[in-house]
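We begin with a single chain expressed as structure tokens, specifically the form predicted on its own.
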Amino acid sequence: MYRAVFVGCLFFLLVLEGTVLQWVLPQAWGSTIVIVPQLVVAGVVILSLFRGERAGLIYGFGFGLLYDVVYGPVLGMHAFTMAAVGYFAGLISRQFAPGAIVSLLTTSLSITVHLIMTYGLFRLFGLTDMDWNQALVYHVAPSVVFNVVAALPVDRVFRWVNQKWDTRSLSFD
């Protein structure tokens, strides 16, 4: 049951990224600052903190592939980057106790790595000619700040779902 709830939450975040957030972000108003919403990446990272690296890898690959089919210009790019970020976030969960601070720091680090990997793959395949400094100042830094703030409610919801499932599993044992 918890898997269906997590998949539903991640699917809701995917739809939210492509619909409502596209109208309220600064680039919709003509700003040079471009915020790339990465709520699904934040959800996969938070999920992997609770469920481990295998869950992060599987959910990251699945939703990354869905992200590529719906939004991406290259099939497999987001599947690779989200799976890698989810896997390594799951490895971090073994080193630290899952708390709000660890979740916030891991999410910010993972989103930064994900955006840099995506930018690197875009440069590698010739899909962008933007230089590194411009991408860092106008895309990566504002996107990390926005996504970390937006990840706080995602963390609360996923933490609630995880605690509810853990309570049920203990009551049936």
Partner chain sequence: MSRLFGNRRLLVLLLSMIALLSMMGMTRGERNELTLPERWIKNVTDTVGSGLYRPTSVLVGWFHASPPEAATSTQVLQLKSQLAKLQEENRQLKEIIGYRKGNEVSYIAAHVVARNPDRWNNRVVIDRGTEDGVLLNMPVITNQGLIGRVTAVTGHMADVQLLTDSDESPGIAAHLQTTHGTYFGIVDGFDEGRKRLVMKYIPATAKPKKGDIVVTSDQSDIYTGGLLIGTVDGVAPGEYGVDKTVYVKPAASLEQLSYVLVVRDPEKIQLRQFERQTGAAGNGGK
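For clarity, every value in this text was computed on a predicted model and none was experimentally measured. Numbering follows the first chain given and starts at 1.
Keep in mind that the form predicted in complex with its partner chain is not shown, yet the notes after this line are about it.
Its partner chain in the predicted bound form is not approached by A97, whose heavy atoms all lie more than 4.5 angstroms from it. Among heavy atoms of D155, none comes within 4.5 Å of its partner chain in the predicted bound form.
Among heavy atoms of T118, some come within 4.5 Å of its partner chain in the predicted bound form. Shown alone here, A79 lies within 4.5 Å of its partner chain in the predicted bound form, counting heavy atoms only. The stretch in contact with its partner chain in the predicted bound form, judged by heavy atoms within 4.5 Å, is 25-33, chosen from 144-152, 101-109, 42-50, 25-33.
Taking its partner chain as positioned in the predicted bound form, the residues of 50-65 that bring a heavy atom within 4.5 Å of it are, in sequence order, F61, L65.
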